[in-house]
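First, one chain by itself in structure tokens, the form predicted on its own.
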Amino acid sequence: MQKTKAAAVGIGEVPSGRFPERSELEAAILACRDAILDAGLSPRDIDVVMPVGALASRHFNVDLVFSRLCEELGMLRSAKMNVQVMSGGATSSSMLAVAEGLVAGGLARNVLCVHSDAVGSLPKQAGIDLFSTTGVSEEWEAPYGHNMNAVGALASNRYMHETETTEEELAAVCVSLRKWAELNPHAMFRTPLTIEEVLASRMIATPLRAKHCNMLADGAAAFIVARAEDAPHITSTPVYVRGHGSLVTHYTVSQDTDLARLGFEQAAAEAYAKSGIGPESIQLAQIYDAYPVWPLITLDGLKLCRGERAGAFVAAGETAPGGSLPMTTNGGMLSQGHTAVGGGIAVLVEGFRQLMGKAGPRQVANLVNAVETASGGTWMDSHVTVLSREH
């Protein structure tokens, strides 16, 4: 078991959805402001700003790289570094690990991590052009019409074949996430959803239907990472980073050797070993989604279904409000909205929020330990992080 080196001490977030009147910069500043206030810090207590790559606007992304937030937040001549971290949907885990390394190595005391993007307000065709072939090989896959929905469909078919997961069980993931989103005022979709409605929606890429697929959204979220020894002096609700595990498995999905499992079993084993916290002690799973098959693959890898098939476990209501293993309690990208790189960051911030006891009507009772996962591109990598209220 490794020594705990870092903790999250503040969080901020704005609602996800379509907000064409709200600029990416405004959303970023609001999320940062809330995170700094939540931690009880001053902007000038932040010595490193770590913005995530934004996809909707090249100009805004350049501003993020060129320290615009340091100027807007009043950090000039106090912040020491502004550096962008980017690994697609895996950025939540990657950024947390980089921030942990900076504070653990004495290179920073308080790191402000922030995402903001407005992909939901892009013109429809621009959004399709931006995302449909992201991570798809131009030489070997794009010429055959391969696209992101097809990636999710290929993995779904393989997983369903190997595990005998049914279409109803796949749809149950969307329903479980929606039930959490009904309790989340920041979620894009909050109306109740049934398995029958999912299965009656338009077919997109067999077996994925329209309501199996995520929707692009505008959004922003931020969190602050401090040294573990400083955290109790900053806030009464620190969340400690207990251990990470990661594995890169492919770039093009056709090169993955085990599409029904990816690398989550290995990543989870590493994270559990480093944290000294095993699956039997996890009470909350904040799992990266985008398509319903990914939470099922991840649940299997994390060994959180108590010997049951993940599909049957979710269909039995075990991951929904009132279930034995609350999962992705902000509603995930399938209900809170896919804010590009920020989809995973919203999942991570929700994990911090739950462990801080600030989740309101969706608060998980008596929570001590949680696990957060992420994956980028065409699920090119598998990341698992164990978080805890205990040092």
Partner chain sequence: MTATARPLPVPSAWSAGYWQAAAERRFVVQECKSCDKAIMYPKRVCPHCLGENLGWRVSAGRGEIYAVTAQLAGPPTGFADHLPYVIAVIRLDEGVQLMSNIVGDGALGARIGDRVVVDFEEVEGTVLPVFRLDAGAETRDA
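Note that this is a predicted model, so its numbers are computed, not measured. Positions refer to the first chain, counted from 1.
The form predicted in complex with its partner chain is left out here; the points below concern that form.
Taking heavy atoms and a 4.5 Å cut-off, does R306 contact its partner chain in the model of the complex?
Output for R306 is no: heavy atoms all beyond 4.5 Å of its partner chain.
My question is simply whether S254 lines the interface with its partner chain in the model of the complex - judged by any non-hydrogen atom within 4.5 Å.
S254: contacts its partner chain in the model of the complex.
May I ask you to state whether A315 is within 4.5 Å of its partner chain in the model of the complex, using heavy atom distances?
No, A315 sits far enough from its partner chain in the model of the complex that none of its heavy atoms falls within 4.5 Å.
In the model of the complex, does E196 come within 4.5 Å of its partner chain, counting heavy atoms only?
Although its partner chain is absent here, E196 would stay clear of it in the model of the complex, with no heavy atoms inside 4.5 Å.
Position in contact with its partner chain when the complex is considered in the model of the complex, options T163, Q266, N157, Q283, heavy atoms within 4.5 Å
Spelling it out, the residue with a heavy atom inside the cut-off is N157.
Counting non-hydrogen atoms within 4.5 angstroms of its partner chain in the model of the complex, say which of L183, M86, A142, A97 makes the cut.
Looking at L183, M86, A142, A97 one by one, just A142 meets the 4.5 Å heavy-atom criterion.
Taking the partner as it appears in the model of the complex, which of 316-324, 149-157, 221-229, 284-292 has residues with heavy atoms within 4.5 Å of its partner chain?
After filtering at 4.5 Å, what remains is 149-157.
Quick one: name the residues from 109-138 with any non-hydrogen atom within 4.5 angstroms of its partner chain in the model of the complex.
Contacts from 109-138: Q125, I128, D129, S132.
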